[in-house]
Each structure stands twice: as structure tokens, then as C-alpha cells.
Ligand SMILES: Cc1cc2nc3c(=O)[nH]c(=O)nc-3n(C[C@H](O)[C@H](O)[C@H](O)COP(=O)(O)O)c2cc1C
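Encoded as C-alpha cells, the following chain is the form predicted alone, with no partner shown.
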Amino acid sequence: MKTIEINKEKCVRCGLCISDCLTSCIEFDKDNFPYMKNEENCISCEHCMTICPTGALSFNHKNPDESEPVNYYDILSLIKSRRSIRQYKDEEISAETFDKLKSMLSYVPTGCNAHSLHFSIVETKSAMDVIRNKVNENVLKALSYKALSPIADKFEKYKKGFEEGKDIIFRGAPHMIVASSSIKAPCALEDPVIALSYLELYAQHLGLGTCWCGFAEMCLKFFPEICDMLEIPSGYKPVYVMLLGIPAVKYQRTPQPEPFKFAEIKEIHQKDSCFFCKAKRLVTNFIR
């Protein structure tokens, strides 16, 4: 069960938890206090709790006072406080800041030290708008083509939003960075993701916001003309897209995520696995 609890004495009814909810789970009640209207769509991102300026909102009985404050000069705090930004200011990042990002990217690690990455950086809002409009136009066309059912099915539930001109994919981001790799690179899929992970934390240190955008990555694969617009070289594959801009929101504290599973191995216990168990493990290893 996913719930939110509101301390009505602390709540200033600013609506930040509502506007920042990715799946629109939260609304104002009749007294203008937030409440969870759709638990099924909640993805437990805790954005609502971390963005609340007064610490009035608790998610799943977690006390916001037990979260850590954000420190942009401490690397562990940056990791803990990283949030996907989907609300951006309508202004461009300075050329000086872009130079810092590009300079940093030269230092990211790559498999076998194969420096074969390519970055398409959309540095102006006008260029971003051209790409945004072209992608939205193509998606609307694709929704009516049976031959493009894989992408059409993925976007069907957002069709009304596209028709109303909402920026479903890019969330108003003024910039984006596309990481591509040579199809001959030894770690063609891993290297771009590693590079963008480094960039994401450095961008946050510089006061910028980012968002991993799987929808945009899918569009690049289905609409090759967008790759041409982004000047991705022949023989290079776009692997992932990161939206970028100056955040229009500020998160006040870190989330309180559920811990991952750990195997704390201090000594090895040899096990004799049956043939079926080995076969099952082999399939699991290669299933994706």
C-alpha cells in the first residue's frame, strides 16, 4: 500500500508535490490539502516528500525529518539527493557551463580504453524546439500506423496529450545530450551509460537538472531523420538520451529508498547445482 500523510500545521498548500508527481497521483482535496488520489499509478519515487519545502508530507509513513539535507558539494550527498528533473526554467545554460560539461566528458572511463563515444549536445532552445516539434509530429503519425505498432502501443495512453500539444517526451527541457557509440566499440552499450552517469552528477554539482529519457531514445531508433538532425556519425548508434536544463524546482531533502539486496560474502561455500538449476541460471543470465 502506498500512502501520503500531511501535517496540516506545516503544509502551506503550495502544490509542489502535485506538480512534480510524474504519474499525477496526487491532487488537492476540498480543503486544498494534497491527498493520494491514485495509489495504483504511484511508482514510489518519493519526489513528493523530497520536494516539500516545509517537510509536511510523509510518504509511506517515512518521517521527512529523518531524510538528509542536500549538500551540492559532497559527492555522497549528490548521489543520495539526485532526482529526475521534469520541470525546467525557460532559459539556456551558459556557454561557459557547457564548456565545463564537455571538458569533463573527456575523462569518463570506457571499455578497453576505446575512446569512440560521440555526444550530440543541443545547446540552444531554438534547436531543441525544432527537434521537439519534429519528434512530436512523427509520434502522432506513428500512432496511426499499424506497421509501427511497437512505438504506437508505447505512446497510446499519451495520445491525447500529444494531440493537445503537451511536451510529453521532453518535459520542456531546453537542452539534451545524446550519447552514441561506434558499433565496433567493445562496450558499445555500456560506455554511453557510464558517461551520462558521470555527467549527471557533475551537472547536479553545477546546479543543473537532468532526466534519463527512454522515450526520446526510442524515438531516435524509430525515426532515423532525428539522428541526422543530431549529426550522429554513420556507424554510430544512439544509446541513451539525457535531458538537461536549469531546474524550476528545488528538492529539500534526500529520499528514503528501500535497500537493495546484498550478498555479504566473507567465505565461499561450494554448492553442487543440479542440471536444471544450471540451465535456469544460464537462461536468466542471457534473458535480456
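On a predicted model such as this, the values are computed, not experimentally measured, just so you know. In case it trips you up, residue 1 is the first one in the sequence shown, and so on.
A second form of this protein, the form predicted in complex with this ligand, is not displayed here; the remarks below concern that form.
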With the partner omitted here, the residue among His175, Arg132, His118, Arg82 that in the model of the complex has a heavy atom within 4.5 Å of this ligand is Arg82
To verify the annotation, which of these, Phe162, Phe98, Tyr198, Phe215, has a non-hydrogen atom within 4.5 Å of this ligand in the model of the complex? Phe215
Of 220 to 228, 258 to 266, 37 to 45, 62 to 70, which is the one stretch near this ligand in the model of the complex, taking non-hydrogen atoms within 4.5 angstroms as near? 37 to 45
Contact label in the model of the complex: Tyr236 to this ligand, heavy atom within 4.5 Å: no
Classify Cys11 as contacting or not contacting this ligand in the model of the complex by the rule of any non-hydrogen atom within 4.5 angstroms, answering yes or no. no
I'd like to know if Cys211 sits close to this ligand in the model of the complex, meaning any non-hydrogen atom pair within 4.5 angstroms. yes
Using the partner position in the model of the complex, report whether Leu22 sits within 4.5 Å of this ligand, counting heavy atoms only. yes
Which residues within 223 to 251 place at least one heavy atom within 4.5 Å of this ligand in the model of the complex? Tyr240
